[in-house]
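Next up: a single chain in structure tokens, the form predicted on its own.
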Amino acid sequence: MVEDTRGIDRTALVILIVGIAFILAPIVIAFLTATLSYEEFVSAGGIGLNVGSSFLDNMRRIFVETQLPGQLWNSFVISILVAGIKCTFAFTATFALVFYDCRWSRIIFALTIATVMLPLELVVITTYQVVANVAMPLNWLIRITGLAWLSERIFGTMPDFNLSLLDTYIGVALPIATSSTSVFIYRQFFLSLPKDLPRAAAMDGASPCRFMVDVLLPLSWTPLVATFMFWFIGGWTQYLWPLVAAATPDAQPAVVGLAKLANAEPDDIPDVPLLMAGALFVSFIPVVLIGVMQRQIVRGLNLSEK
């Protein structure tokens, strides 16, 4: 007996169409609004489904009147740094946790994963103080060891080192990169590999580092690409910390620059068509990357597939 699944297929098709419409509706509205001029937007009474002819002019204004093109480059560099730092440290840390026998491995892994429950937004003030002077631990060490007192006695001054990473790429990217989610993903993948793999590599004369680079890294390429893309997009969409750590427009990423375009006088109507054009401009690179790499992302996050 062949089961009739036409009803299920139709229901699934309706759900799929509704889901696609729900996802694409904001993009369509943003594009239609970006085709309007400021005067057409005001006369229309706000956001609607009106179609104008000023899209190219709004995009020209993005390049001429705003700093978004330069800030787009800032976003690209910061996102590359965030994804690269996260993937590199997570890969090497997970390699040590899985392939080195240590009685404390499970405890270290649990403490590492526990940091996920402490997002950057909760410690933004403390993080700002550290980034504003990364030499602060050195000053603290000098004081508790008595070297500060000795220096004051001999030279008449206390040493006070100051090194600020504010308004720099690494100062914006490094706190965002302090997340251990990739450690969990890589650990699950490493545990699915044959247990005799490192032993076989050792019998062939491969050192631990050689095994990690020549054997483990090629096998982990798919999950590495998937998590790299995931963290790249995560770094691209960060707002709060880059707003705090980058005070000058030349150092700010595009998301922060886009938000500042909305600032207007209290009695003025914001230039929403320009904002929508800027939103499409800022979102172009992540959307293209997701579209091009979606198959690799899905395969990489499916830990059962190698």
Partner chain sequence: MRSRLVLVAGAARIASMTRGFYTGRLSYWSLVLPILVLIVMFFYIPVALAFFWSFFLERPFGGGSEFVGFQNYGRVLSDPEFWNAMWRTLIFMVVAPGLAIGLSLILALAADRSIRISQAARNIIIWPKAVAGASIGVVFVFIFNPFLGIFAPLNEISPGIWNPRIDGADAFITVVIAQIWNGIPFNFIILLSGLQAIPDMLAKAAAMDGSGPWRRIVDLQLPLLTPQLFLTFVLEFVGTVVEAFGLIDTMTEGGPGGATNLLIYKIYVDGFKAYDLSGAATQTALLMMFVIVMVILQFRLERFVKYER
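Positions refer to the first chain, counted from 1. Everything numeric in this text was worked out from a predicted model, so none of it was measured. Rigid core (definition): largest C-alpha set, two forms, superposition within 1.5 Å.
Missing here is the form predicted in complex with its partner chain; even so, the following discussion is about that form.
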Interface membership of residue 159, its partner chain in the model of the complex, 4.5 Å heavy atom rule: no
Close approach of residue 181 to its partner chain in the model of the complex, 4.5 Å, heavy atom: yes
Residue 219: touches its partner chain in the model of the complex, heavy atom cutoff 4.5 angstroms: no
Non-hydrogen atom contact residue 230 with its partner chain in the model of the complex at 4.5 angstroms: yes
Full three-residue contact with its partner chain in the model of the complex, heavy atom 4.5 Å, for 56, 63 and 251: no
Proximity to its partner chain in the model of the complex, single hit among 145, 164, 192, 115 (heavy atom within 4.5 Å): 115
Partner contacts for 102-120, taking its partner chain in the model of the complex and a 4.5 Å heavy atom cut-off: 102, 104, 105, 106, 108, 109, 110, 111, 112, 113, 114, 115, 116, 117, 118, 119
Post core alignment: residue 105 C-alpha displaced by 2 Å or more between the shown form and the other one: yes
